[in-house]
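Next comes just one chain, in structure tokens: the form predicted on its own.
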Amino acid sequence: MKYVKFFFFFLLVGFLLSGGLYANDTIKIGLLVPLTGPAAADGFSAHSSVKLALERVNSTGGLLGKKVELIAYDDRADGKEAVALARKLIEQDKVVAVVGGSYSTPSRAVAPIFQEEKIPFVAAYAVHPDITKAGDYCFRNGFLGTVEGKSAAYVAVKMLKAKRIALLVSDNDFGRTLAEGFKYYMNKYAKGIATIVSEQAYPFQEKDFKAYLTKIKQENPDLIFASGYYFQTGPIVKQAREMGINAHILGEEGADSPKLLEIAGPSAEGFVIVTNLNRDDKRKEVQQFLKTYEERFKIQPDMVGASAYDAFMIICDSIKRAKSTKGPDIRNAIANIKNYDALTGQIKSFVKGEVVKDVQVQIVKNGRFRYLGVVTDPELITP
């Protein structure tokens, strides 16, 4: 009898030391963001916005009677770093789902890991197709790169009436995927209407674009599709205007940042982007987010932050509907989302992990992004 008592005593001690009754006192959701390095501004926006979403969820009682705990790590937009942190989130932190608040390279690297471990993963804004191809536990709340590229071409040809188009794209996963979508639209829908007269790719770390722009200027385009992140597109826009290039300049969500406005200065006026955040959306929740973010962080909100906010809320909403924190249950709830009102527009559904929603078109006016139009054609916005 004495040995039996000792056995149960040590069993109880082990149970308590391993977390015991307190192991599940919160619901843990992971977040991978680039808080340092060249993408730090995007990481700050994503992290800050998710914290606002966390406050909202916990202020209304949390989920399933428990508070939600955010476990956030800096992946520095680096694939190797992200892989190590993904393992930590799974094995040490025991998260039930993860928001991918980072770029395509790290998101591609971690997606197969979360898939293998059956941890739902929602990429907030990374565009590469391989992220969702990793499997049915991987979702994308932002646009697939080819969807965004096709929509950008539609805006160039149909809305901005471009006839001669120059492509200047970042030579990485992000830029190549967008260019693929852009050229797909041109080949299928714009033959005889518009032509690509120049196509150049620049290294990720490029800062001086004058040589590229000189070649573009010689081709006399009426529109430049300048694909890249804010720290790339900002200098492109500024240098193009300084060189006397008056063509429309069209970007995409990578340029959707207040940092671009800071870098390009007055040259940003008239710059157009395809993105997923409409600053002039009249819905109360959207305007409240925009106001709260700017008041709290003293900087204009952007697509990155709104997309990360939405990714977190999609996970929370799915946990609530599933009434479960088990991976398969959360995954099924996300996959079955229909007409969900997100900050970045109504999510009609997910198709093989890819979001279906309208593409927003914004233009810089008086130093702020404003509504210019929207792309709703199902052939373009459906992956």
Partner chain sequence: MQGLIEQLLNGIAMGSIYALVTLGLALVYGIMRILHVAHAAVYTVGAYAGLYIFHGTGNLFLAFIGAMVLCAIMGIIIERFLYYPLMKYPPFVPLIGSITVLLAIEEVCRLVAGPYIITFPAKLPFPEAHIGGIFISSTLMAVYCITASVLFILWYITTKTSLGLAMRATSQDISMASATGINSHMIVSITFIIGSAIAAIAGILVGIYYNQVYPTMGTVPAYKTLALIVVGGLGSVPGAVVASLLLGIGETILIGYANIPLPRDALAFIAMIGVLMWRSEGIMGSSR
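Bear in mind the structure is a predicted one, so any value in this text is a computation, not a measurement. Residue numbers count along the first chain shown, from 1.
As for the form predicted in complex with its partner chain, it is not shown, yet the points below apply to it.
Relative to its partner chain in the model of the complex, residues A41, Q205 and Q239 are all within 4.5 Å by at least one heavy atom. Remark: E262 counts among the residues lining its partner chain in the model of the complex, judged by a heavy atom distance of 4.5 Å or less.
Although the partner is absent here, Q200 is a contact residue: one of its heavy atoms lies within 4.5 angstroms of its partner chain in the model of the complex. The closest non-hydrogen atom of P235 lies within 4.5 Å of its partner chain in the model of the complex. Looking at Y230, you'd find a heavy atom of it within 4.5 angstroms of its partner chain in the model of the complex. Proximity to its partner chain in the model of the complex, taken as heavy atoms within 4.5 Å, picks out 30-38 from the listed stretches 329-337, 351-359, 30-38, 52-60. In summary, among the residues K210, R87, R164, K133, the only one with a non-hydrogen atom within 4.5 Å of its partner chain in the model of the complex is K210. Residue-level contacts in the model of the complex: of N246, Q92, N187, Q218, one residue has a heavy atom within 4.5 Å of its partner chain, and it is Q218.
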